[in-house]
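A single chain comes next, written as structure tokens; it is the form predicted on its own.
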């Protein structure tokens, strides 16, 4: 079982992950259409924004969003998403395995740094769990699905943290760590976890009050 989880299942997870992303991107373009622009007589077509104007526009788009209503939640959410992507990609152990398997080598963070980042990430998970458990307005809209998604995200980091510090049985923890990572990869394209990857796609291509750009497509 360990050989299957460490070997074939890794490849299966990556294939499902990549094909799932391709499917979701295809679905996005199929469900949206290119926006048709119409300009009243005499109106001059708007010029493209400069870099400074674009930054100012993005900052202005934050008005009325979570950044204004709950800054703490915004910061925790930002740290959560950044570390969720940053830690696995630049983890030394992952890059060693990547080099051994496919001959690819990425720059890696020091293990002491990734250990701290992992702990911070788990604190963010605990923060989200606490909100769902103890804030009535959040608990009212929380379902089993939300707890399951949180578990799927937390499990690879928690087991990785245990494995790095060699807590409990190492072989068992490593097996659970690899399996948890594979489960997360498989579920990303088909659950709300996919919003992390499609966030910029939606914000730049779909035009609405929260877009970072004018938007070229509509639902």
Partner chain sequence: MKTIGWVLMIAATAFLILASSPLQAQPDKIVLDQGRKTRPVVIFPHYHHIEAGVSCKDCHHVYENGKNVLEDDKLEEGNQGLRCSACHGSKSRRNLVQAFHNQCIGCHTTYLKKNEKTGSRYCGGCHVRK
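Numbering follows the first chain given and starts at 1. All values derive from a computational prediction rather than experimental measurement.
Below: the form predicted together with the partner chain, not depicted.
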Using a 4.5 Å heavy atom cut-off, state whether residue 166 contacts the partner chain in the predicted bound form. yes
Can residue 175 be called a contact residue for the partner chain in the predicted bound form at 4.5 Å between heavy atoms? yes
Using a 4.5 Å heavy atom cut-off, state whether residue 119 contacts the partner chain in the predicted bound form. no
Contact test in the predicted bound form: residue 8 vs the partner chain, heavy atoms, 4.5 Å: no
Among the candidate residues 123, 92, 148, 78, which is the single one with a non-hydrogen atom no more than 4.5 Å from the partner chain in the predicted bound form? 92
If the criterion is a non-hydrogen atom within 4.5 angstroms, does every one of 96, 99 and 170 touch the partner chain in the predicted bound form? yes
Taking the partner chain in the predicted bound form, which residues of 2-29 have any heavy atom within 4.5 Å of it? 2, 3, 6
